[in-house]
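Here you get one chain, nothing else, as C-alpha coordinates; it is the form predicted on its own.
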Amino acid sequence: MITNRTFTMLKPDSVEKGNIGAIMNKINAAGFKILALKLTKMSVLDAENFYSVHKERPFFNDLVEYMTRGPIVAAILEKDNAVDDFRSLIGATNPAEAAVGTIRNEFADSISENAVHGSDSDENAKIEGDFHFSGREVY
(Lines give C-alpha, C1' and ligand atoms only; values in the text may rest on other atoms or scores of the structure.)
Protein backbone atom coordinates (compact mmCIF):
# COMPACT_ATOMS: atom_id res chain seq x y z
CA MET A 1 0.00 0.00 0.00
CA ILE A 2 1.72 3.18 -1.15
CA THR A 3 0.16 6.40 0.01
CA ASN A 4 1.14 10.01 -0.35
CA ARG A 5 0.79 10.82 3.35
CA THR A 6 3.12 10.71 6.29
CA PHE A 7 3.00 11.73 9.93
CA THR A 8 5.44 13.90 11.84
CA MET A 9 5.88 15.28 15.33
CA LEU A 10 8.09 18.18 16.24
CA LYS A 11 9.35 16.94 19.59
CA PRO A 12 9.48 18.91 22.85
CA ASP A 13 13.06 20.06 22.28
CA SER A 14 12.07 21.68 18.97
CA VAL A 15 9.16 23.49 20.60
CA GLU A 16 11.25 24.56 23.62
CA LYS A 17 13.96 26.05 21.40
CA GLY A 18 11.43 27.99 19.29
CA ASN A 19 12.15 26.03 16.10
CA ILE A 20 8.57 25.34 15.01
CA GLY A 21 8.54 27.99 12.28
CA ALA A 22 11.98 27.15 10.90
CA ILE A 23 11.23 23.42 10.75
CA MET A 24 7.81 23.96 9.19
CA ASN A 25 9.43 26.24 6.60
CA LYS A 26 11.81 23.40 5.62
CA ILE A 27 8.84 21.03 5.35
CA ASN A 28 6.95 23.48 3.12
CA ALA A 29 10.03 24.21 1.00
CA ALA A 30 10.42 20.46 0.41
CA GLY A 31 6.98 20.41 -1.22
CA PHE A 32 4.89 18.88 1.55
CA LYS A 33 1.28 20.01 1.93
CA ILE A 34 -0.01 20.18 5.51
CA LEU A 35 -3.29 18.28 5.88
CA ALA A 36 -3.52 18.47 9.69
CA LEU A 37 -1.55 20.42 12.28
CA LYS A 38 -1.79 21.01 16.01
CA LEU A 39 0.17 21.99 19.07
CA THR A 40 -0.62 19.52 21.83
CA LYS A 41 0.90 17.83 24.86
CA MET A 42 1.09 14.07 25.17
CA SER A 43 0.07 12.50 28.46
CA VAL A 44 2.16 9.71 29.94
CA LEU A 45 -0.47 7.22 28.75
CA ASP A 46 -0.43 8.75 25.25
CA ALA A 47 3.36 8.45 25.03
CA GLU A 48 3.35 4.91 26.41
CA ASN A 49 0.75 3.88 23.83
CA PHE A 50 2.35 5.73 20.91
CA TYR A 51 5.77 4.21 21.64
CA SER A 52 4.52 0.80 22.83
CA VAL A 53 6.69 -0.90 20.19
CA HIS A 54 9.68 0.17 22.34
CA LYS A 55 8.20 -0.94 25.69
CA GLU A 56 10.85 -3.59 26.34
CA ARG A 57 13.77 -1.36 25.35
CA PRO A 58 15.98 0.15 28.07
CA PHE A 59 15.31 3.69 26.83
CA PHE A 60 11.49 3.42 26.99
CA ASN A 61 10.97 5.28 30.29
CA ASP A 62 13.36 8.06 29.28
CA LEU A 63 11.55 8.36 25.93
CA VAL A 64 8.16 8.68 27.64
CA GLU A 65 9.55 11.28 30.06
CA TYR A 66 11.08 13.27 27.19
CA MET A 67 7.96 13.19 25.03
CA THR A 68 5.71 14.34 27.90
CA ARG A 69 7.89 17.13 29.27
CA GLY A 70 6.36 19.77 27.01
CA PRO A 71 4.20 20.39 23.97
CA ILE A 72 4.72 18.78 20.57
CA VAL A 73 3.52 19.75 17.12
CA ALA A 74 1.74 16.90 15.32
CA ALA A 75 1.13 17.00 11.58
CA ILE A 76 -0.08 14.91 8.68
CA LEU A 77 1.74 15.76 5.48
CA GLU A 78 1.03 14.97 1.83
CA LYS A 79 3.38 14.63 -1.12
CA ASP A 80 4.23 11.99 -3.70
CA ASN A 81 6.46 9.40 -2.00
CA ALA A 82 5.75 11.14 1.32
CA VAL A 83 7.24 8.64 3.78
CA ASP A 84 10.57 8.17 2.01
CA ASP A 85 10.93 11.83 1.05
CA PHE A 86 10.22 12.94 4.60
CA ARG A 87 12.68 10.43 6.07
CA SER A 88 15.30 11.90 3.72
CA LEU A 89 14.37 15.43 4.80
CA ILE A 90 14.71 14.69 8.53
CA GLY A 91 18.00 12.78 8.27
CA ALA A 92 19.58 10.09 10.43
CA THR A 93 18.39 9.60 14.01
CA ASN A 94 21.83 10.58 15.24
CA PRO A 95 22.25 14.25 14.26
CA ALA A 96 26.03 13.76 14.06
CA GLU A 97 25.38 11.33 11.18
CA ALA A 98 22.55 13.32 9.55
CA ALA A 99 23.29 14.81 6.15
CA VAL A 100 23.97 18.53 5.95
CA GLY A 101 20.75 20.48 5.45
CA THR A 102 18.47 17.88 7.03
CA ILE A 103 16.20 18.81 9.92
CA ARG A 104 18.10 16.73 12.46
CA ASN A 105 21.46 18.05 11.24
CA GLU A 106 20.26 21.61 11.79
CA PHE A 107 17.99 21.32 14.84
CA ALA A 108 18.72 18.15 16.86
CA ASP A 109 21.14 17.94 19.77
CA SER A 110 21.50 14.18 20.28
CA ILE A 111 20.09 10.76 19.44
CA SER A 112 17.67 11.03 22.35
CA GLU A 113 16.67 14.65 21.62
CA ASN A 114 16.47 14.44 17.85
CA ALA A 115 13.99 17.24 17.12
CA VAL A 116 11.45 15.42 14.97
CA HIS A 117 9.66 12.12 14.38
CA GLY A 118 8.84 10.79 10.93
CA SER A 119 6.81 7.69 10.13
CA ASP A 120 8.89 4.76 8.88
CA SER A 121 6.22 3.19 6.63
CA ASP A 122 2.94 3.97 4.92
CA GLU A 123 1.13 1.69 7.39
CA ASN A 124 2.65 3.43 10.42
CA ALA A 125 1.95 6.86 8.92
CA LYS A 126 -1.77 6.00 8.91
CA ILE A 127 -1.69 4.52 12.43
CA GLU A 128 0.26 7.48 13.84
CA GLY A 129 -1.87 10.08 12.08
CA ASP A 130 -5.04 8.41 13.33
CA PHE A 131 -3.58 8.36 16.86
CA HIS A 132 -3.26 12.15 16.91
CA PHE A 133 -6.09 13.34 14.65
CA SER A 134 -9.77 12.58 14.21
CA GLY A 135 -11.13 12.42 10.68
CA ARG A 136 -12.68 15.88 10.98
CA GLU A 137 -9.23 17.39 11.74
CA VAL A 138 -7.65 16.23 8.48
CA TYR A 139 -8.21 18.34 5.35
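Just so we're clear, the structure is a prediction, and the values are computed from it rather than from any experiment. Heads up: residue numbers just count along the shown sequence, starting at 1.
The discussion below concerns the form predicted together with a small molecule, not included here.
At a distance threshold of 4.5 angstroms between non-hydrogen atoms, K126 is out of contact with the small molecule in the predicted bound form. In the predicted bound form, at least one heavy atom of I111 sits within 4.5 Å of the small molecule.
Residue contact with the small molecule in the predicted bound form: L63 places a heavy atom within 4.5 Å of it. When contacts are judged by a 4.5 Å heavy atom cut-off, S43 does not count as touching the small molecule in the predicted bound form. In summary, the region of this chain contacting the small molecule in the predicted bound form, judged by heavy atoms within 4.5 Å and restricted to 50 to 58, 73 to 81, 22 to 30, 35 to 43, corresponds to 50 to 58.
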